[in-house]
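Next up is one chain by itself, shown in C-alpha cells, the form predicted alone.
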Amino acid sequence: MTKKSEQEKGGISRRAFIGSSAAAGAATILPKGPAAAAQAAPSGGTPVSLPPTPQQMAREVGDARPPTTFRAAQRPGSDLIVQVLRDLEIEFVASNPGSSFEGLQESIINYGEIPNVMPEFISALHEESAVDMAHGYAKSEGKPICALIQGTIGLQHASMAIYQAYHGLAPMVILVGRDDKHFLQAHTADDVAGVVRSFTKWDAHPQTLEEALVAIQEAYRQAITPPCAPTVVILDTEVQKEEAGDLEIPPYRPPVIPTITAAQADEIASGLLAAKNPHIAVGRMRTPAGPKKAVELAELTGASVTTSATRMPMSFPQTHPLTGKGADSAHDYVLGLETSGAQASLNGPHLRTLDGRDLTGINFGGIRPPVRPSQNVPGENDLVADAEASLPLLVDAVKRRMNESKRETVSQRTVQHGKANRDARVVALRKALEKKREGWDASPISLARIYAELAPMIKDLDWCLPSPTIFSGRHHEELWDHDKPYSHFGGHPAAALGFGIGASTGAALAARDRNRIVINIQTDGDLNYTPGSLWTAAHHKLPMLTVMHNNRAWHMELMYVQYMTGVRGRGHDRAHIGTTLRDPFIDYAKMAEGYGMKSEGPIKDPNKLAAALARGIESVKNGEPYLIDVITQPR
C-alpha cells in the first residue's frame, strides 16, 4: 500500500501548516529571534540574565491591581478560543493555574450563557496530574480533553506524563501559556514546544488570534488522527488578550482517517466467508465505535474472537459468546484488527511513522525505529490502515457476499463457538476461584481477595478500572467481566509511576455525568508521586473508589535488590534500605482525609474488608469519592 500524504490523511504537516493560507500567516514553532533585552549579551561578553523588574515581580506574587474604570476588551480573544473548544466538544480543561494563561482561564470560567461548562475548568495540583487526567479521559472516551500548562516550568513538570501519553496513544490537546514581556525570563522561551517535541505528534506557535483558532482546530484534528497522540499549541498572553472585533471562527474540518481500499475489503471478506473456521484477533481501537463494528463483523461471519479487553481499552467484549478459542482452535483464516493476523492485519498507522519529530537525535527507546521485535514492528501481512475506519467497508463487503447457505453455516458455527466458549469460561473461572482461595484469611490481606470481594458488588454497575494492575496480580482478568470499551486501561504505557491516581481521576471525570463509577486499585509507591489528585477528586465530586494496595514498599525494586544480594552472596537482611516505605509507615486514610476525601483504614483484618468496600461503593454511587487503606500482601 502506498504511503499517503498528510493532506490525504486529513491532517497537515507542521511545515505545511506554517505556510498555509488557512493559517493566515506564519504560525510557527521555530524560534522567534532574539529574546528580551534582559537576556542580551553585553558587547564582547556572554549572555546574562538580569533580575526581574518590580513590575514583573508584582505579577509573579499576585500583587498587580486590575483596572476599575474601564473594560480591557469588549470581545476578548480568549473568548473565541473557548468557543473553539466548545465547538470541538472539549468537556474539560485540566490545569494547575498560571499567569501565562490568565486571559484564557478567565474566559473558561466566565464566557458564555452557561460559563465553565464545555469546557469545565478542572483544578489540578500538579501539571503531571493534569496531563494524566487528560490521558485517563482519552482512554475512557476515545477523544481528547485539554491540559492547560504554564510556560517552560509547567511543561517541564508535565513532560513525563506527556511522554507516557505519547506511548499510550492518548489523544489530547496541550495548550501552553507563554508571556515573553512580563514574565521572569526563566519561565519563557522562544521555542517552548521544543521541550516536548520528541514525544508529541504536532505543535504550533501562532502569532495572531486568527492563527491560534486555526492551530487549535488542527491540533485537535491531528490528535484524533491515527496514530493518536498529544499535540501542543503555544498561546502568547497577547493573543489571549487581543481584541477579537468581528473575527469569525473558521469552520472545522474533520480528519480523513486512512482505510483499506474497496478491493482489499473484498479480499478479506472473501477470505473470512470461505474459511471453515475463521478467527478475528482484536487489539485496541480508537473509540467506542470500533468495538461495536468489530462485534458486527464477528457476528456476520461467525468467527471466534480473541480480545485484548483485559489488557487495554476499546477492545472486544470479554464475555461475548464468540470470545474465545471456539469449538475448534485450528483456524484457517485469522484477521487482526489493530494486532497481528496470520492472513491479514488492519494495523496502523503507528508511532513509528512520526519519525521527523526527534530533531536533536535523542532516540528515546520505544519511539526510535525498532531495533528488536516488538508490537511496533510491521507484520508481514499488515495493511497500514486504521481498523476502526476500515470496518464499515469490511462489514459491507461481507454483507454483499452473504447468501442463504453462508448464513446457515455462520449460524451453526456461532452456536458451536458459543457453547464451547461458555464451557471454557466456566472451567477457567472455577480454576481461578480455587486458586484465589489461597491465603484468603491471611493478614496482610490477599490481593486476590480484594478483587474477589469487589466482583459481586460491581457486577450490576457500570464500572471502569483505569489503574494499572500488573503489581496487584491482575485478578480482575478472570473475575470481572470486561465488556465495555472503557472496562480496563492496561498498564503504565511508558512504565512510569505516578500515573494511576491521575489517570483514574481523568476516568472519573468522564464517569461523573455518565452514571458510571471508577475503581482504582492504587499502589502505594505510585500514589506518593502525585497525591494531589485526591483533592481534585474530592473537589469535583468524582465517583472514584480508591482501594490502596499498601504493601509498604516499592516491592519490585525490593525484589531486584534481594536478587542482587543473593547472587553476590551478601544476604538480604539490608535489602529494605531505599526500597521500603517504613519508619514511619504512611497513613493513606489520613492523607485522603487531609485532602478532603472520605476514607477509612488501615485495614489489616480480611474479615472487615467486604464491609469497607460496600461502604466505599455506596459513597461513590452518591457522588462522593472514597479511599480505603488496605494493608496487603506484596503481590
Partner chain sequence: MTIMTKFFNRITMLVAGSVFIMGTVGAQVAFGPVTGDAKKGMQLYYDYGCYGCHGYNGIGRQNLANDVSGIMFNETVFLTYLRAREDQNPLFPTQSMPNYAAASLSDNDAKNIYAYIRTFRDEPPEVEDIPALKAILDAAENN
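These figures come from a predicted structure and were not determined experimentally. Residue numbers count along the first chain shown, from 1.
A second form of this protein, the form predicted in complex with its partner chain, is not displayed here; the remarks below concern that form.
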Any of the heavy atoms of G569 lying within 4.5 Å of its partner chain in the predicted bound form?
yes
Is D513 near its partner chain? Define near as a heavy atom within 4.5 Å, in the predicted bound form.
no
How about E120: is it within 4.5 Å of its partner chain in the predicted bound form, going by heavy atoms?
no
Would W440 sit within 4.5 Å of its partner chain in the predicted bound form, counting heavy atoms only?
yes
In the predicted bound form, the residue from R407, K459, K399, K181 with a non-hydrogen atom within 4.5 Å of its partner chain is K459
If you check A186, V256, A495, V426 against its partner chain in the predicted bound form, which one has a heavy atom within 4.5 Å?
V426
Tell me which of 442 to 450, 124 to 132, 337 to 345, 275 to 283 has residues with heavy atoms within 4.5 angstroms of its partner chain in the predicted bound form?
442 to 450
Out of 537 to 560, which residues reach within 4.5 Å of its partner chain in the predicted bound form, heavy atoms considered?
H555, M556, L558, M559, Y560
